[in-house]
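Quick heads-up: it's one chain on its own, the form predicted on its own, in structure tokens.
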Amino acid sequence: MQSEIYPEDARTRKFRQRPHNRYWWYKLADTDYIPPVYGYLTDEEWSIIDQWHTDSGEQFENPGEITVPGISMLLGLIGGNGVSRIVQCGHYAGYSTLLLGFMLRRMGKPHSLFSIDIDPDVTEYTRSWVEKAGLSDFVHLEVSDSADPAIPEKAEQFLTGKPQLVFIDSSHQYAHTFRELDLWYDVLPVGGLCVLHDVSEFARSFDASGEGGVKKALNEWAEKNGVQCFTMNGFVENSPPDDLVYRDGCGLGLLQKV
């Protein structure tokens, strides 16, 4: 039955027909609708995201974007609370960077996203899309190690203040994530937030070093420093998305500076 709200060819409806696993969310039994993270975009902004999906799929075997559930949680935190100084550790091909930039532009917050990735080639790819989207006044891309002690000072200069929120979605390696937490938690002001993707049992396999991934780093870092952490789907090993309430089996973690 055709939706009374959206025509069959509107925005994400076509993603249900695409075979790549990156489109898994759009194929779930009860997600035959346009998610709010896309619904609020202007036609011009949606055109950029739509073109990005096609082009990134041609350029990369796996563009590595965060899921619809993950970016929805992140944009809700930012847009619902006027957060305007954000550090992103790991932008890769630029999906989340574009959506964050569109939100921050809508909020009227220039110089609000400082994004770091160690790969110069993917950063140039992301930069081309940031410029195409007209987001250069809102987003700065830095080629560096996101655990480099020199980076917070650069971030503060661009953001004109300490970051209010740090989003970690970079190497997924235990030791590197531990260093990122040490570095960025210290920089956050009291009340500042650190959001981490890939904190589930399933996501441990993303750690190329085989040392336990983001989940082990987050749990051990929080225990060592006496900081409470909250995780969604940390328990997930191999559950189908249809069986989960928070649909992303990779999980999401949250720390608050106190």
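Only a predicted model underlies this, so the values are computations on that prediction, with no experimental measurement involved. From 1 onward, residues are counted along the sequence shown.
Absent from the display: the form predicted in complex with a small molecule. The rest refers to it.
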**Message:** If the criterion is a non-hydrogen atom within 4.5 angstroms, does every one of Tyr95, Ile118 and His172 touch the small molecule in the predicted complex?
**Reply:** yes
**Message:** Only one of 33-41, 185-193, 57-65, 215-223 has heavy atoms within 4.5 Å of the small molecule in the predicted complex; I'd like to know which.
**Reply:** 57-65
**Prompt:** So which of Val83, Leu159, Val122, Met73 reaches within 4.5 angstroms of the small molecule in the predicted complex, heavy atom to heavy atom?
**Reply:** Val122
**Interface membership of Ser144, the small molecule in the predicted complex, 4.5 Å heavy atom rule** = yes
**Message:** With the partner left out here, check for me: in the predicted complex, does some heavy atom of Gln88 sit within 4.5 Å of the small molecule?
**Reply:** yes
